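In the block that follows, a single chain appears as structure tokens, in the form predicted alone.
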């Protein structure tokens, strides 16, 4: 069977070497298996035939039956276009071809009954179909296929007549091959419980369904299968890791108790207490901890991180925290130092800017164990940074670090791998977390500290700028500070968005009595740091910036965030930017500025921001709008390679698949029972596509 599916596509009748090369280049279809997995993105209902007088604007797809009354070639050479006047007795419509016009002119005939398919366009009070599919009409009795597949294609393939129609014919031919057999990969228990159709029938009906219900059952079956195997691999990996890798056992809690009773000036939230308890359970289990800590902006992750560091230090180990930028590392260092000094715990900061002399001293103190906490950036990954006994490593905004970098942190302790806690302030939708980080244990801080006031978010057009400036002045006169964020650094001829340089000039003119800072990505590290510190010390009242301040310094006195051209930012980014304010006890505000014309997606982003401050709710909408690939950023665990499942829509199927995988592994961890051997076989076939994360958090 493997030989059949690995057969090169050129050996399928009607393809040959030349067409195979183009399909490989354009769509990465090289083998029979690749062709089978080239799924249609929609099916067209060929049973419904509209009349021309039934057409309405914004119809997604129509099928018309009628005759061409006249053919006219307009223009010459490359600019030639073919116009066919088409009638069905209820009205007329124009069929337009800009490419392949000469070919169509030769083949189309007047007074012949055709079936025409396409998306109607309405312009100048008349309808037209641009590049429609057109074929001779056959009666329903002789028509094949209830729903016709439409496949992803490219412009080059369409030009060479190798587009969706050609692909559909190739797949139909593949399904008719005598050797077409797809082995089952779900056991009897699952097939019976969910009443799934066979795998072979699922593939056939996904491409050429015999009915709408058959298509639904095919999708349901194949989505479950895809998500089930992802979860099975991730959960198996998580279990294996806990069995294979021993971890430090941190039983003593004296230091933590001392800090909590004598030095902590506020009460932890219930969510923080729950998360610390979950982490402590991991640290005393004897297995290496690999835990993801999710917490919205301002939820108190840094305090949780410090409490966990105390547990490690109390048990004669060291701790480190890695941040993606110097600004963020400096912020964490200052926050943690305030706490560490109360307990006389040594702490230091290591970044790319740290002088060599200071580095040498730091390296010595790490090796001899005198330095208990190290906060830093990528500089910590360097081989010469060695610890006496690294017990806990905390990685902040971990999606910004590569797998190889995180692996280096493991190797900082050759006796026992350190416990790993990865943190993110970017709320991750439940379905994405289960798939992208399904091999990690997950803790969530879903509660803000008491006394924090919800940020008031308002939406204003550019025309309201003077009113917004007036509001800014009122807040500054109360002693507050303001962020103004712009999407671009320099003027662009094609883009009319406000840019940060123009913004700085216009704000400086509008507020001559106040001091204004500017920060953007093209500034050097020291320049940025200087401006950030000026703002933090209230030497400047307005900070004009690009998104570089998305994970910038913590300024409790900043109570207003103005985001220019807010429609040009993603939801996650808008939420992160809004989180720069609301750090103090005063009421804070976020004002989203846009032009009046907004796309449907842009409007939904703005409405969502104004409606809620719940990061997880915002993340769900973001997933719906952008899809999992964009949110994951890079191909970290194969999530962006989902062939048929959609994490934005298939949350229920995903949860069922994960629950089933968990149940199977709890009863049969090594998949050796007769009914489960089918999973082991399929996993071994898939091994080459195994998650690149391997054992690394």
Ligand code: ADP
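Residue numbers count along the first chain shown, from 1. Since we're looking at a predicted model, the values are computed, not measured.
Although not depicted, the form predicted together with the ligand is the subject of the following passage.
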All of 531, 538 and 540 with a heavy atom within 4.5 Å of the ligand in the predicted bound form | no
Spot the stretch among 514 to 522, 479 to 487, 604 to 612, 444 to 452 with residues whose non-hydrogen atoms come within 4.5 Å of the ligand in the predicted bound form.
-> 444 to 452
So which of 118, 300, 163, 503 gets a non-hydrogen atom within 4.5 Å of the ligand in the predicted bound form?
-> 300
Picking from 565, 272, 217, 153, the single residue whose non-hydrogen atoms come within 4.5 angstroms of the ligand in the predicted bound form is 272
Taking heavy atoms only, is residue 333 within 4.5 angstroms of the ligand in the predicted bound form?
-> no
Should residue 123 be counted as a contact of the ligand in the predicted bound form, where contact means heavy atoms within 4.5 Å?
-> no
Is the gap between residue 198 and the ligand in the predicted bound form 4.5 Å or less for some heavy atom pair?
-> no
Can residue 267 be called a contact residue for the ligand in the predicted bound form at 4.5 Å between heavy atoms?
-> yes
Within 580 to 595, the residues having any heavy atom within 4.5 Å of the ligand in the predicted bound form are 583
